[in-house]
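Read the single chain below, which is given as structure tokens and is the form predicted on its own.
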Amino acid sequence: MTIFSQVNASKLSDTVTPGHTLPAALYISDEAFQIDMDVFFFKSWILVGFEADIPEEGDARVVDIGNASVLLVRDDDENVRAFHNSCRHRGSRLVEDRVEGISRFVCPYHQWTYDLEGNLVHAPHMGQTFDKTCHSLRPVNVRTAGGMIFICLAEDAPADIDEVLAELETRLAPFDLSNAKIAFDQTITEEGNWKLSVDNNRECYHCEGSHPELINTFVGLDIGFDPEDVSAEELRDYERHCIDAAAQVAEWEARGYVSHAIERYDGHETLLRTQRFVISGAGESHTLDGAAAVRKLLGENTDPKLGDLHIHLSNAWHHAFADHAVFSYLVPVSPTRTALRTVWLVNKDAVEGVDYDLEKLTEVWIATNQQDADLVALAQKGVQSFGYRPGPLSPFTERTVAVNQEWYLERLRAHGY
């Protein structure tokens, strides 16, 4: 009998040992995958794109989540809208990937035509009495904040998104990402369950051994440490660093750059963890030397040393610097495959080859994403092997993995699993 065939008899959380990785079935079974899709990708708010994806009126982009296909649209009033990508006649897919500068959506099957607000404006051969107002495109809940686009496929979307969006808007306002442009866009497939991808992102226990490019800009002990594993001198140095970092955070906050840590897990339907960190090296950006990659800074910023604003959401993680932002989000493809999209956002007026070198801008996170994908693939092979048993998480460097998993289980219980 599998873990999921016992769900009706006992809560799923009863099968999980706190402070440990999850049972194998949660990473590999089709039933677990369908439950995850229902709870975390259909009934919850998720990040699915950026305003820079549809910068002009008449731009539209398709996002596929499981068996749902969603159209993100910029309408004639520059509002972001979302619709199910399905004609109201016989269900044909309206758009395959993306379109730019259109005024109407025309179904390729029978030419039913919709405006950018989703209204059916033309339905040939349907007769004089046919009421077009009853056959508009089905809307999808959509909200924006800080240049990001969120959707919820459920009709009754969680209301706590308002608190999250307000916090994101405040923290990202200085970067003006709603008016930024995408300098580079990369989607890779990680050969692992989406939760393994998230677990990997929520800790940096693995960073020193796996991310030689990224750790150039990290203060090593910031990722957590076992006090018994570091020398007295290292502890004294780190204490001085913490004092200096606290002073820097206070200075940023005094200038209007909200930086203090927030962890929003327990009792919340919509997850948010965010904090601004001091950067090592030149202290400006995630590049090999820590120096800014883009000469023209984001928004109206004039100081290149604004640290690294981390943002973690249920299916996404981001880094915003004074000169650019690296935003990533994932969408599960199957129990053992996950699509990870990363975009590099820069000032809309920045010119490649003049204001920035694309290789310098992207090399750290292109390398880091691939290294993480390799680790996730190894983890997937491990959890589906016969000998796998849930292992203990480090209380020093994997605390946020444990907290994230507790939130995951809480949401499952709230939905009856």
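No experiment lies behind these values; they were computed from the predicted model shown. Residue numbers here begin at 1 and follow the sequence given.
The protein also exists as the form predicted together with another copy of the chain; that form is not presented, and the subsequent description refers to it.
Exactly one listed residue, out of 350, 383, 48, 52, brings a non-hydrogen atom to within 4.5 Å of another copy of the chain in the predicted bound form: 383.
The listed set 305, 264, 110, 310 contains one residue whose heavy atoms approach another copy of the chain in the predicted bound form to within 4.5 Å, identified as 110. Checking 250-258, 84-92, 273-281, 158-166 against another copy of the chain in the predicted bound form, the stretch whose residues place heavy atoms within 4.5 Å of it is 84-92. In the predicted bound form, at least one heavy atom of residue 225 sits within 4.5 Å of another copy of the chain. Contact annotation: residue 378 falls within 4.5 Å of another copy of the chain in the predicted bound form, judged by heavy atom distances.
Another copy of the chain is not shown here, and in the predicted bound form it never comes within 4.5 Å of any heavy atom of residue 315. By the criterion of a heavy atom within 4.5 Å, residue 96 is counted among the residues contacting another copy of the chain in the predicted bound form. Scanning 193-223 for heavy atoms within 4.5 Å of another copy of the chain in the predicted bound form gives 199, 200, 203, 205, 206, 209, 210 in sequence order.
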